[in-house]
Ligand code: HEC
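The data below hold one chain only, encoded as structure tokens and taken in the form predicted on its own.
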Amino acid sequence: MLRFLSFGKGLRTLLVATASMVVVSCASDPQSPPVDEALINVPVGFPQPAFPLDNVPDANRVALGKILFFSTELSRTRTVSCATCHDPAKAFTDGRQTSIGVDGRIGIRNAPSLANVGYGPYFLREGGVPTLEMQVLVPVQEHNEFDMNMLDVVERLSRDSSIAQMSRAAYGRSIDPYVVTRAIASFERTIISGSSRADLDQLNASERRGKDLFKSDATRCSTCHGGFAYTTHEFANNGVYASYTDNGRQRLTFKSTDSNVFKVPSLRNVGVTAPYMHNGRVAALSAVIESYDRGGYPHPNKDPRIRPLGLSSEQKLDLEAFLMSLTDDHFLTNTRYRP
């Protein structure tokens, strides 16, 4: 396992080295987690994370990335940050159908959770962005999100002497787009959730029945939502709507077979990430289960695994109970993810 100093220790070292502020203990430093936590905590059953050679997380990089993640300086009106749409208390979602950006502009898609985002092989609903570093650029320049030019972001940040010092400590260079994208990605790679009651095998009778049903040939839920992340990262149409306004993956590939096809989301913390689907139009988890039980609406690209299930009322309740057991309370309240 790759282990690093906690980024609380790294930040404390940075503060001493720069003498830019009064040194305080890590326990009272709001930018740092408890010192006995590893920088990257890999839960039991999770694979070791892979890092880009030019952006292996360390204490200084994560500390800077966390500050930038919560900074409204990245948006044109200084009113929106990454955390606006990715609230740690909501498993890094925002509880809205679609997110709200600068000037109250309404986005077109539901904000996905960032839990375990460092394990993603690609990003956005159509999978068009290959790295976490590149993904950082998307909301910055997006008209309905930050509506900002990255060069202007850098100009703003360069006026902050503490940011400038942290940039040099983290990457050996002045703050620039390279540093901004890599630092935020480094912080995001620490956002790991793997301590739910399901992970700890602390399930009641209903939840255990739901788990068995989830993994059974009768539902085949785990064929799309399998593995440690509860997603295979595939692309699929689940037939939840009779018609769509979002082309999905077709926006990237221009293929008719990718029309209204989207990346399969993780089900971790699904009990607190409502509303659901790419556009947030399904309000309740029970409604999601009902849609799958009916087999969805006809669609030329609907995944063949989506078919009527014929579940009883008790089975639906058991399945929902299991999905609720995927909530990771420690993750939702962990102060290392708070500003």
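As the structure is a prediction and not an experimental result, all values here were calculated from the model. In this text, residue numbers run from 1 along the sequence as written.
One more form of this protein should be noted, the form predicted in complex with this ligand, which is absent from this view; the next part is about it.
Remark: all three candidate residues (214, 265 and 288) come within 4.5 Å of this ligand in the model of the complex, counting heavy atoms only. Note that among 201-209, 69-77, 153-161, 169-177, the stretch whose heavy atoms approach this ligand to within 4.5 Å in the model of the complex is 69-77. The contact residue chosen from 192, 229, 148, 221 relative to this ligand in the model of the complex is 221, the criterion being a non-hydrogen atom within 4.5 angstroms. This ligand in the model of the complex comes within 4.5 Å of a heavy atom belonging to residue 81. Taking the partner from the other structure, this ligand in the model of the complex has no heavy atom within 4.5 Å of any heavy atom of residue 183. Under a 4.5 angstroms non-hydrogen atom cutoff, this ligand in the model of the complex has residue 114 among its neighbouring residues.
Looking at residue 109, you'd find a heavy atom of it within 4.5 angstroms of this ligand in the model of the complex. Using a 4.5 Å cut-off on any heavy atom, the residues of 301-327 that reach this ligand in the model of the complex are, in sequence order, 303, 305, 306, 309, 319, 323.
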